[in-house]
Structures are given as C-alpha cells and as structure tokens.
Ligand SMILES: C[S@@+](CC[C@H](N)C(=O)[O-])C[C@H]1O[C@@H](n2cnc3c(N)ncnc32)[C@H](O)[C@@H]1O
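Below you'll find only one chain, the form predicted on its own, shown as structure tokens.
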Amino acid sequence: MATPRATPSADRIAHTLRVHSFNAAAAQYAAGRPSYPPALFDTIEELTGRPLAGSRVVDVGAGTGMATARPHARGAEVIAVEPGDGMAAEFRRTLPDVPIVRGDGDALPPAGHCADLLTYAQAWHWTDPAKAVPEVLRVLRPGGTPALWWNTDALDVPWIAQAAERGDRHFGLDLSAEKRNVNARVADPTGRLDLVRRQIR
C-alpha cells in the first residue's frame, strides 16, 4: 500500500527557491563578495580557546568557499557542506584541495563527534533550528564549538546609512532593522547552545 507524500508548504517551497537562487550566480557572488576579516578568526580562536591550526572544521553552507578558505589557510582540516550545485562547482574551482560534500545544516553528512568547530558563515538562518541544533550537537566533539556569523550594516557611516534608507523606502520594509536583529537569526528552540556574542568591525 502506498502512503501519500506530504505536500510541502508554500513557505518551504519559497525557502527552497531562495536557497537555490544562489546557484545561477555563483561566479558573480564569489567575485563580488568581500572576504571576512582576520579579526573574526582571531576571535573564534580566542573564544574557543584553541588555534584553528590542527582543528577539524566543518563549514556548513560553505557556498563558494569564502569562509572555508580562512581556517584552511590557518592550518585547519576543513570539510565543506553545501547543498547547491552552482555554489559547489565554484567552491571546487577556487578550493580544489578542500573536500566538499553535498548536504545542509538540517541533516549534516559528517559522522558524529568528528568536528572541533562547526562554522555557519551567514548560513544559520537557512536552517530549521529544531533540526539543526541536534545535528550540531551530534557532529561536534566534546568541547567543540559552533560559530555563527553575519554581516551587518555599519549605519554609523553616512553613505551606508543613506543607501540603507533608500533600500528600505524602495522595498517598503525595514531591512536595516532586520539585519541588526541578530537575535531573530540565532534561534535555538532547544536552549542547548550556550552562545556568546561579539561584534567585529
């Protein structure tokens, strides 16, 4: 007897389309996005109490490899996890010596207790935290750490504030407030992650 398959909700379909929208523009995305500052990775080392050199890192939602490249350059053993074909192809072109596996943050491919650090560079908001938090806890070694980060707007810089205001008016939204609301992005319905927040210029 066949069981009927659940029909995905409109929100889930829209979410999937947004996730995969990056694939068609992966090369432009890689060319146009600035990398992350070294201070971010210094802070990760400080907060975790361990150097990236020699650490096992799983970079979730790795995209084109922008965030993967920094720990790799510091001597970490990095495995990337990426769901998109286009982004994975661009990743392989720029970081051919770093392993990449297909998957997402809701069902991580790596084995249990294998990573010292799980990184989500502007990728946590693509997960379902009810699924992702147990996966984080499953994949991290005892004493391991998740690191989640996002770019935000430097609204104290006049031209950036003006551009943000124009965008808000154009879209009829308060995108600036949404970008500043990190609490909404760092959802942990389980309460099992003990997160520390830092802002890095």
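Numbers for residues come from their place in the sequence shown, where the first is 1. All figures in this text were calculated on a predicted structure; none of them were measured in a lab.
Below, we turn to the form predicted in complex with this ligand, even though it does not appear here.
- Exactly one listed residue, out of Ile100, Ala76, Ala123, Leu117, brings a non-hydrogen atom to within 4.5 Å of this ligand in the model of the complex: Ala123.
- Remark: Val58 does not count among the residues lining this ligand in the model of the complex, judged by a heavy atom distance of 4.5 Å or less.
- The closest heavy atom approach of Met66 to this ligand in the model of the complex falls within 4.5 Å.
- Although the partner is absent here, Ala62 sits close enough that one of its heavy atoms falls within 4.5 Å of this ligand in the model of the complex.
- Although the partner is absent here, His170 lies well away from this ligand in the model of the complex, with no heavy atom inside 4.5 Å.
- Only one of 136 to 144, 155 to 163, 29 to 37, 46 to 54 places residue heavy atoms within 4.5 angstroms of this ligand in the model of the complex, namely 29 to 37.
- Scanning 95 to 111 for heavy atoms within 4.5 Å of this ligand in the model of the complex gives Asp104, Gly105, Asp106 in sequence order.
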